[in-house]
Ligand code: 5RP
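In structure tokens, one chain follows: the form predicted alone.
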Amino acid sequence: MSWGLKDRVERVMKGGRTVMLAVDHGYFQGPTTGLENPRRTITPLLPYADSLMLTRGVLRTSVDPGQDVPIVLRASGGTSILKELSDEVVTTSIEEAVRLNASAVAVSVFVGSEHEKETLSNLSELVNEGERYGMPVLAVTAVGREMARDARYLGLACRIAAELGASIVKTYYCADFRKVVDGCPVPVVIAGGKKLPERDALQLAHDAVAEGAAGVDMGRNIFQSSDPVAMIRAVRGVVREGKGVDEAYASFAEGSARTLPAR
């Protein structure tokens, strides 16, 4: 691994941990609830995010230059929720990522899906190109509709991504998650997934980190929270400060109460 690539991974995974804020949903979902105005959503959360996953369009329009937050640039897409999601192509080059001062690029891989081979080829293409520029690739793993999100299949997807050269892998939390982590030789971060009650989302983060995850890449469980700033701070407490769920949830409730409008 080149010095430049190691340096960029460290920016994203400060000290081997990360609270990544995922705001790339619009590339296939359109104006997702809570992200209708990306700038309004992102700006107050930036001081608490270790890194930011988003598309180049949102980066250009909604994040001011000079913001000191590492960028994980979404580099695959081409389909919407109206079509087969696995039919993705590479949409952003490594050269573009360098021009945008990104610290990593992200590409989805769909193991067991109709277009598995193409998505794994997308990953390999970006890894090959990234090696020339010292740009790490984060593989966002998913599995086919007929495959359960369990340790067997998620472990398969994560290991394949690592074998093809991904520097970081993002996947779902599942029972026996330690098996997924132990079978993947690169850092694993978990997806926040669908919106959960705040305490449940903190429990998810806690359990994943306790079983070896290097951090979280949360979106809806932060920006759709009743108090996004209090929520991302609580998540940081779990991931970076080792807080238990009760303590982290209490800090969320306290922070949220302070920001409630006066009556």
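Residue indices: 1-based, along the sequence shown. It should be emphasised that the depicted structure is a prediction, and the values quoted were computed from it without experimental measurement.
This protein has a second form, the form predicted in complex with the named molecule, left out of what is shown; the following refers to that one.
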{"query": "Residue stretch of 228 to 236, 40 to 48, 211 to 219, 63 to 71 approaching the named molecule in the predicted complex, non-hydrogen atom distance within 4.5 Å", "finding": "211 to 219"}
{"query": "Non-hydrogen atom contact residue 12 with the named molecule in the predicted complex at 4.5 angstroms", "finding": "no"}
{"query": "Partner proximity in the predicted complex: residue 140 to the named molecule, non-hydrogen atom cutoff 4.5 Å", "finding": "yes"}
{"query": "Contact test in the predicted complex: residue 192 vs the named molecule, heavy atoms, 4.5 Å", "finding": "yes"}
{"query": "Residue contact check: residue 53 to the named molecule in the predicted complex, 4.5 Å heavy atom", "finding": "yes"}
{"query": "Candidate from 167, 92, 108, 113 lying within 4.5 Å of the named molecule in the predicted complex - any heavy atom", "finding": "108"}
{"query": "Contact set, 14 to 29 vs the named molecule in the predicted complex - heavy atom within 4.5 angstroms", "finding": "22, 24, 25, 27, 28"}
